[in-house]
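Have a look below at one chain only, the form predicted alone, in structure tokens format.
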């Protein structure tokens, strides 16, 4: 009997989360652990990586065997290849690594803007190159884009272009890898309460402060649900995309209807 396309079917699978030390990636790792998946977390910051591994180990069974942390810059293909070399078989890959650069056309030059391409597009592309030979039939790659693709605001043109490139890559790789039954999808996240968003609001030094909370609340007030999404709500979509063997080339919006407002 074929596996049911439910998150529980991910039990026992090995999932790489590149950029999994915080935000949506960390939330996905926690959810994956609760359904019994083995999680390999890849991140650049060793301290944040160690804290993430500790949190993931406590989130599910078999703590000593089911969580592995690997230090690497996800957009550096050579580093990523070395980090994942010990893993002969990988069932699913999620890439949340990367940052965004925002600002007006007059202030963001090519050197500054290249960070978007390097940290977002090349992280996704490098992960695909490094892992595709180890993914089985039914395996998957899941990327993350954002609502700026559909609804840019002033100062987000370059960010929107970078996120749009992720979606184009998703569709292109879905076609290329379909003969091997490897699936490629993206989550188009709306405004989400993550450390990255809080840093853009000027509260990176103390993301749990009352002023940071107030800024997040104000940012979400105009959305249909009156709030931003949580990292866990966005991450849950990744488990759906990994578990459903008939979904590929899809851009799944998880935005609380923000593009409707």
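As the structure is a computational prediction, the values presented were derived from the model and not from experiment. Numbering follows the first chain given and starts at 1.
Although it is not shown, the form predicted in complex with a small molecule is what the next lines describe.
- With the partner omitted here, the residue from 235, 37, 42, 56 that has a non-hydrogen atom within 4.5 angstroms of the small molecule in the predicted complex is 42.
- Only one of 72, 173, 157, 84 lies close to the small molecule in the predicted complex, with a heavy atom inside 4.5 Å, and it is 72.
- Each of 48, 192 and 197 is positioned with at least one heavy atom within 4.5 Å of the small molecule in the predicted complex.
- Although the partner is absent here, residue 96 lies within 4.5 Å of the small molecule in the predicted complex, judged by heavy atoms.
- Mapping the unseen interface onto this chain, residue 144 counts among the residues with a heavy atom inside 4.5 Å of the small molecule in the predicted complex.
- For residue 24, a non-hydrogen atom is located within 4.5 Å of the small molecule in the predicted complex, even though that partner is not displayed.
- Looking at 84-92, 183-191, 131-139, 102-110, the stretch with residues near the small molecule in the predicted complex, meaning non-hydrogen atoms within 4.5 angstroms, turns out to be 183-191.
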